[in-house]
Structure formats: C-alpha cells, structure tokens
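Quick setup: one chain, the form predicted on its own, written in structure tokens, and binding and motion questions come after.
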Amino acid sequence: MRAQPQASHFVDGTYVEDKAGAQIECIYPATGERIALLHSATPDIISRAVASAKRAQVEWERTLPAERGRILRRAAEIMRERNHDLSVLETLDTGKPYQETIVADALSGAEAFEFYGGLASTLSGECIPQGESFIYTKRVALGVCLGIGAWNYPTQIACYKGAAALACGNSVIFKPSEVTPLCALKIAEILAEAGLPKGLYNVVQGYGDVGAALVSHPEIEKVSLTGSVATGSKVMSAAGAGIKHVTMELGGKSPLIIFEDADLDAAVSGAILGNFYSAGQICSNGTRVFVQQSIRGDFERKLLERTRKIRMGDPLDPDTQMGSLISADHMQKVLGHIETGHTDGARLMCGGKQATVPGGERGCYVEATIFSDVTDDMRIAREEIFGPVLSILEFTDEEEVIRRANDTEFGLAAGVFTRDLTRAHRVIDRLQAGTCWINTYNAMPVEMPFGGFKQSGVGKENSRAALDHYSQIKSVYVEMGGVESPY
C-alpha cells in the first residue's frame, strides 16, 4: 500500500485513528491496486473534530487578519515546493495523468492560499453617517465551517474551501470523498507546518453517514458542498433544518456554442479541453457542443483528427495525456451512457469502448468518445455523464441556439466561440449559466467567481465573492445625541 497515510483523520493538529470505523479502500483506478486502507470516522472522531474546531475558532477570529494571511501564504509556498509529490499523490488518488496534476491541482490550491492570504487583511466594513450619529458595519466569521469535497479535484477543493474560510476567521472540518481520501490529509499537514494553530483545519474521512452527521451537527454553522445535484438536494435540506449557511457547487450539462465565424482551431481546442481533460470528469464541461450548420463538417474533421491523437496510458508517465476514470463503478455508468447514445440514435464518430493500456489491464479506462447527429431530447444531451463523451448538435441561427442551450435544468457554465465580439457578449448575456467563457473554455483562475444558476448550485466559490459566503455582516448604530422617547 504505497500511499498509506499515518492515520485516517487529522484532528486538532495531529493524525488520529479509530479502527472501529468502517474500512475505506483507496484504489488506484489506473491499475485496480489498493494503495491505502483507511477507516470511516466514528462518532468519537466526529465529536473530537467539532470540539477542537469550535475551541480553536474563537481565538483564530481574534488573530490579526494580517497574521492569518501570512500563515496562508506560507502554506502556498510549501505547496509549491512540494508540487511534484502532491501531484503524484493526486494522480494515485484519482487516476488523472501527472501531465495534468503537475500544473492544475496542487498549484491551483497554492494559488488559493496565496490569494486569500492576501485578502485576509482587506476584510472591512463601512461607515454610514446619520447626521451627528453614525452606523458602522464589520465582517465577522461564521464559526465552524464544513467542507464536503468531490473526488475529481480532491487537493484543489480542499484548498478552495479551506482558504476562504480560514481567511475570514473560521475553522474548518473537511470531509473528502471516500473515493479520494488521501490528498486533503497532506493539506492539513502543510497548514500545520505553516503555523496554523491546532484545531483550525481538520480532515474527517467517511461515507455518506459521516457527512450527514456533520451536516446536522448543531455546532456547524456553514456547509459547502461540491457534488451532484442529488447529493446537493439532500445536504441543502438537512442544512436548512438547522438554518445553516450553504454553498452548493453542483453538476451541469453545459452548452459550448461554435459560430460559423469562429477560429476553428481554437474552437476545437476548447471542445477538447471542455470534454476530455481529466477524462471528462469536470462539472463545468461543455458537453453539448452546438456547431453552426455551415461549418459542421470542417469542425468534425478537425475534432476527429486531434481526438484520435490523444495519448492514453499510465497516468504516472509524463507523456500520458488522458488517464483512467475514477472507479470501476463510474466506468460502468459512463459506458452505460454511451450505450444509451447508440440506442437513442446518435452517430458514434470515435471511441465508445472501454480501453486497455499496457500495465493497466485492470484499470478504468474509456476511450475519448464523440457522438454526432445528437438531438436535444436524447439522454446523452440531457443527463450529466461525467466522462469523456462529447455530443455534437447542429444549429442554424442565434435565436435557435440560445433557446436550445437554455433548455436544461442545469446552469453551471457556457461558452461561445466567435470572432464577432458584439455577438459573443449578446449571446453570453442571454445564456442561463453562472460561469461563462468567450473564445476559450474551462479557464478558471482563483480570481474568477465560480458557481451556477438553477439546479447547478447556490453561492459562489473563489474570488472576493467567496468572502461573502464565509462571513456575515454585523451592523452597529452609534447614537451621539440623546434618546427621545414618547413614553
């Protein structure tokens, strides 16, 4: 078990274990090898984590924001120094290729700590004159914040949720997905090494019952979830029973619109990045690729040529461009969606099967898959697949494609490729999506607010906007004169 951590949980500044909890097998999905064995949190572990987070938060909120920021920036420095090791661990945890993790995972987490470390000392209120009297406001912490992570970006999500919360003076309990339990433990280690006081960033492993116990815990003030719409609905309902603050970053079925005047090579690049990066396991992916009728043939030829050159293989090989899916169960779900595409009458252009790579015969690989002649009512055009499956839908004019793009319960992301920037802004303005791109796709610097409309989520992550979701405003009226009363 080559990635076995010191213990399953990180609570109050140290590793802790309780083997009475259910076993969590960590499987490297590229080979099927078990690389670690952990245990789900028992009620005792949960109680210890909540107690330590509540105790530590009181003093942390009183710590000067500049000092909070220095600790977060130091954590960013350590992460950059250890990028290779953190990237290898991310690859083992997820099956994503090292070529991706070395540039996209730990480094984006470090950017979050650096960004919010810089913002910590800017948290302020305002003064509102009322004649001789005045009102002032201040931003104060929420308390103990619970982060529930997804399995596709375990390092990044652990940092995104932790950085904003800590900058605002909160403490954090982070529950990774049981499928990818390893990376968040390293983030907790690094934060402790950077000088974060004990109890402020705790990692608690577990299945859904552990998440449910934490969400409903009376000492938890805020829940931030990255996950599916179905999970989000359950978590939001449970959090609502306790009137807790929530941020929900959920699923999508996002449109990517290619107009006839687009730079075709750039549009193909956007479609590939928006469907095959991380083997398609990205919630914002533009999986409904709307292509204007007059250029559809040229677009498909270029897309096919480049897609067939994608190198699938051992994720630890730096030359591998696409790795495995996250698990055998998820692979079967993706293959089931592909079969549905066949059944519903879509035309398979390439891929469509489980793949085998040397040394990964037991791995969870699926070929990069492209369907054409897809219609809006097909299930592959309506349901989130979360795998390397791209659907091409033809359109004729602007009004038509806007209507069809918005015909979904999701609203996470959208993209437009066109040389006509007037049209680009006009179309983006009418698309019902919270995160949008013009002439690129899936570019997400930490400075950019990220979040969806409709069933794709509530609230924003990243950017200054996240600070609004990890703090609350206290208003104070200061009377400088007498107090008149009719009684």
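None of these values were measured; they are calculated from a predicted model. Start at 1 with the first residue shown and count on from there.
In what follows, reference is made to the form predicted together with a small molecule, a form of this protein that is not presented.
This chain appears without its partner; in the predicted complex, the one residue of Gly274, Pro255, Gly117, Gly206 with a heavy atom within 4.5 Å of the small molecule is Gly206. This chain appears without its partner; in the predicted complex, the one residue of Ser391, Thr307, Thr91, Thr226 with a heavy atom within 4.5 Å of the small molecule is Thr226.
Residues Ala76, Gly169 and Lys460 are none of them found to lie within 4.5 Å of the small molecule in the predicted complex, as judged by heavy atom distances. The closest heavy atom approach of Tyr28 to the small molecule in the predicted complex falls outside 4.5 Å. With a 4.5 Å cutoff on heavy atoms, Thr408 does not count as touching the small molecule in the predicted complex; it lies far away. Not displayed here, the small molecule is approached by Leu250 to within 4.5 Å at the level of heavy atoms in the predicted complex. The small molecule in the predicted complex is not approached by Arg139, whose heavy atoms all lie more than 4.5 angstroms from it.
Stretch 211-219 is the contacting one of 393-401, 291-299, 211-219, 194-202, since its residues have non-hydrogen atoms within 4.5 Å of the small molecule in the predicted complex.
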